[in-house]
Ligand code: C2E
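Starting off, we have a lone chain in the form predicted on its own, written out as structure tokens.
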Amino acid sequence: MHILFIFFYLALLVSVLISCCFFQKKCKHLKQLAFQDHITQGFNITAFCQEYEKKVLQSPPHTYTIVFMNMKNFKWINEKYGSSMGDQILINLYHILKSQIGDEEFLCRDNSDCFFLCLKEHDPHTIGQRLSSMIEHMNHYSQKTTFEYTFYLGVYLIDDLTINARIAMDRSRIACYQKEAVNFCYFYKKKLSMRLNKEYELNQLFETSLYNHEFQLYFQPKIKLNDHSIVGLEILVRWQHPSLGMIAPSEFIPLFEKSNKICQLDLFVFEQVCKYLHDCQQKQKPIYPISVNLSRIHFKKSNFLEAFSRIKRKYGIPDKWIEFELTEYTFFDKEQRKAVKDAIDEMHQSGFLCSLDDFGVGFSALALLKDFNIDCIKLDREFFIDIENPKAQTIIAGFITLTKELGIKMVAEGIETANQIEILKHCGCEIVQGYYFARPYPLATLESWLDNFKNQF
């Protein structure tokens, strides 16, 4: 009986030891999952944040810096060489970076091809030198492959110890995405956060503002110089928010182009234009051809014109009453140029005209006249700022002669002075647009302006 008790006790002890070993292994495995990156076997974000609390928050301000490194074209590397090769590259780059930092510094991989570094530095010049050296070491390794590593770099000089690691990391990420240049450091500034907060707020307000018709149409007339007749109207959009007041187009147009909301806005404006033209028809008011701006973002979708044509048919708008204005930037993307050329041909088939806005500021302006079936160009206001310059006058006259020979209309935009008007007449310009004759007006103001303008001439 005594022997059986001993055997039972030993078996129980062995069982406990086995359970402890298993528990320790399990704990170790869970710890690895919690704190270790599954590809590099180094720190993950959780471990990085924990180290931040131990080292950065226990040091004086202006001691550490967070760096965000986003590799360019990593998706292409994965696509061409496979994910296994991509993982091996990340492992190698991690170890190279780790070899370049000190004992009191640390790093982690985040989100596929991105790395966060926490450097015990606070001098921008020194940080730039160190990062350049790190990238140089990486590319020394890359000599074994057929490509060069380039990075977008964002830096936050930690000056506020009341924020946690996540916020500090976000600030370096914010700095990174401000510019497109590679292998060059961009440093976080508070105004970046303010701008992002403003952009977020405007994006959140968009749907409600669209529904409430807070985006308003402004009309700017185009004037024929020889008889001061009105030959058309350009539609410009303004955002009149009930609490924020008038929001400038320079604030929301680029923002909505980034978020693709510009396509919704363009369709909204277009439908309001069609309603206006339809109303003029019904009430037998004078009707002027109208030009509306069309963002280059539309051309990413092959059949985008269908929606515009459907609205045009819905309101019974005759052909050639509406002209789409495209900026030169629409044509700069070589991969997109074929799509743009086809879309312009489709515009004509659907009864629209097409004009080229801001003409002459791009490097390929003349080539656009050769390659694209444009009905009208709007010569950029830059040409008229120093219009007394004989060279400027020669260029303007040359453009006017060229467009007449090509059968293309030309509008001089941004005209503000009587002197500009006289010189443009001398150069042979026929149509102008600008503050000299009329500012952009809301519809109610436009109608009173039209009555007064007709009485003047």
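In this text, residue numbers run from 1 along the sequence as written. As the structure is a prediction and not an experimental result, all values here were calculated from the model.
The form predicted in complex with the ligand is left out here; the points below concern that form.
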(Q) Although the partner isn't part of this model, could you tell me whether residue 155 comes within 4.5 Å of the ligand in the predicted bound form, counting any heavy atom of the residue? (A) no
Q) Does the ligand get within 4.5 angstroms of any non-hydrogen atom of residue 449 in the predicted bound form? A) no
(Q) Given that the ligand is not shown alongside this chain, does residue 357 nevertheless sit within 4.5 Å of it in the predicted bound form, heavy atom to heavy atom? (A) yes
Q. Does at least one non-hydrogen atom of residue 266 fall within 4.5 angstroms of the ligand in the predicted bound form?
A. yes
**Q.** Contact residue in the predicted bound form, chosen from 110, 170, 121, 325 - any heavy atom within 4.5 Å of the ligand
**A.** 325
Q: Work out which of 101, 366, 236, 196 lies within 4.5 Å of the ligand in the predicted bound form, going by heavy atoms.
A: 236
(Q) If the criterion is a non-hydrogen atom within 4.5 angstroms, does every one of 50, 61 and 163 touch the ligand in the predicted bound form? (A) no
Q | in the predicted bound form, segment of 36 to 44, 64 to 72, 407 to 415, 424 to 432 with a heavy atom within 4.5 Å of the ligand | A | 407 to 415
Q) Though the partner is not shown here, which residues of 199 to 232 have a heavy atom within 4.5 Å of the ligand in the predicted bound form? A) 220
